[in-house]
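Only one chain comes next, encoded as structure tokens, the form predicted on its own.
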């Protein structure tokens, strides 16, 4: 996203919709207000001074009238615009689960507490200084470092006693924990001479997931099954093919499930039960170290995140995550329920923190997909594991992307 983007707000009362409450923190508190002269304001003041000097020197009534009109415009701009913006209240709502390279929708619920005059021509944006961080180390950064395109929203009119929802789009530039605090609402209404600013504080934090990589869609069909072959069965009843046991017949059971021999040996009708299939366990092993190239290291994290996302599209997989150098071991869980926690782990992974490889033995005996920035640093993968290297796109990149 090359340019800042935003959309004009719509009247919340007319649309009858409320902003989603996803990832919303406590309501915003107004922390201050001020007025500023921009270029147009200073030009207006300079012109007014020149008119005043000309009127005094020439004693020309027309110049005195122009000077009075200029002063009246200045007072009206300060009084009307300042009074209108004092009644503005706003809250920030993060709508989407953000990821690097994706569009993050930010909504601002704006309302006006006044009774006579609403607010016009409002611009809402996050403050550029110390707007947030997306680094696991906790170092704060400027908005242009955190966002590839910072959120900016515009509101044409907020009626007195009413409210609107303004929506903006942002593009997070880094993975990790994103912190937001202050945002400002400003207006140059009515004449554009004085900029009226109201600042709000609404601390919020949320996780920015790694970017998606164009990985091959057939990874799991090519995955070696040297560790565990086929589909395992769980110690639970279900719709699988493996025999689990027998139980008493209840109304609604299929006649094909009746265990006739077992029923003949007992005094009651019995039916066969089958074991539920257990999803095949797949480990994603991420091997990244501080000495790796930073770009390839982040690419490897994106590849691992994309493998997890791809696994979540299937019901027959349980996926786990291991980052031996960082001491991360997350046992396999059904992919659809594991995708969010695993993406959070990858987003917050601190590659500068290294530990020994204890616990990596847990991945042996299962299907394993190894992801590295370049060459694997140690022999941590079992024999038959799939190896994906960020430095070798042919090992993971989709054919269409690779050919282009």
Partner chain sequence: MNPRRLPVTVCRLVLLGIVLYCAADEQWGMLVLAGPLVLIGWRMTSGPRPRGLPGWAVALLVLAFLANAARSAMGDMAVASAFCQFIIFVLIVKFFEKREARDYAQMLMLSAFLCIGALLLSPRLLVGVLLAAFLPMLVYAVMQFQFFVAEGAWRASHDKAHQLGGAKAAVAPRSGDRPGPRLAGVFALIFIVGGASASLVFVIVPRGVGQEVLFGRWMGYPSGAVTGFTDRVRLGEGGMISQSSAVVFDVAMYDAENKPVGSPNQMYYLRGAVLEDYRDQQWQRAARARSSGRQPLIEGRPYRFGGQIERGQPLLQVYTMRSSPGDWIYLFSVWKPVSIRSMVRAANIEVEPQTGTIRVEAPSGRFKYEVQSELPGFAYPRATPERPAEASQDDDDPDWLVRTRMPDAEAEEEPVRPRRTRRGIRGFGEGPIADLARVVLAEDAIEPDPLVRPIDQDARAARIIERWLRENCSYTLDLQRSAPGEDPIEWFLRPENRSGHCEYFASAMTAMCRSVGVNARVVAGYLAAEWSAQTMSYTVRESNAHAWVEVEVAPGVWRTFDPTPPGDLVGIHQARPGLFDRISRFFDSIEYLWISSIVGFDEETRLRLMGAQPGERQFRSREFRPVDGRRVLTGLVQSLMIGAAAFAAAFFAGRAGLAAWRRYRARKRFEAADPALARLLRQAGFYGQLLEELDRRGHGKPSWRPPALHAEAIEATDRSLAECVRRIAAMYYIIRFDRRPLTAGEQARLDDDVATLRAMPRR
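Note that the rigid core is defined as the largest set of C-alphas that superpose within 1.5 Å between two forms. Positions refer to the first chain, counted from 1. Because the structure is predicted, anything quoted here is derived from the model rather than measured.
Not pictured, yet referred to below: the form predicted in complex with the partner chain.
The unique member of 45, 355, 375, 69 whose heavy atoms fall within 4.5 Å of the partner chain in the model of the complex: Spelling it out, the residue with a heavy atom inside the cut-off is 69.
Option touching the partner chain, based on a heavy atom within 4.5 Å in the model of the complex, out of 326, 299, 202, 107: Of 326, 299, 202, 107, the residue with a heavy atom within 4.5 Å of the partner chain in the model of the complex is 107.
Proximity to the partner chain in the model of the complex (heavy atom, within 4.5 Å), stretch among 290-298, 308-316, 156-164, 252-260: Only one stretch qualifies here: 156-164.
Residue contact check: residue 116 to the partner chain in the model of the complex, 4.5 Å heavy atom: Judged by the heavy-atom cut-off of 4.5 Å, residue 116 is in contact with the partner chain in the model of the complex.
Residue 102 within 4.5 Å of the partner chain in the model of the complex, heavy atoms: The answer is yes: residue 102 has a heavy atom within 4.5 Å of the partner chain.
The partner chain contact at residue 150 in the model of the complex, heavy atom, 4.5 Å: Result yes; residue 150 sits at the interface with the partner chain in the model of the complex.
Contact test in the model of the complex: residue 63 vs the partner chain, heavy atoms, 4.5 Å: Yes, contact at 4.5 Å.
Contact at 214, 283 and 380 by the partner chain in the model of the complex, all three, heavy atom at most 4.5 Å: So, no: the whole triplet misses the partner chain.
Heavy atom contacts to the partner chain in the model of the complex at 4.5 Å, residues of 182-212 in sequence order: If the 4.5 Å heavy-atom criterion is applied to the partner chain in the model of the complex, 182-212 yields 188, 189, 190, 191, 192.
Exceeds or equals 2 Å, Cα of residue 337 between the shown form and the other one, core fit: Superposed on the core, residue 337 moves its C-alpha less than 2 Å between the shown form and the other one.
Core-aligned CA displacement of residue 58 at least 2 Å between the shown form and the other one: The answer is yes, as the C-alpha of residue 58 shifts between the shown form and the other one by 2 Å or more after core alignment.
Yes/no, residue 348 Cα shift of 2 Å or more between the shown form and the other one with rigid core fixed: No, the C-alpha moves less than 2 Å.
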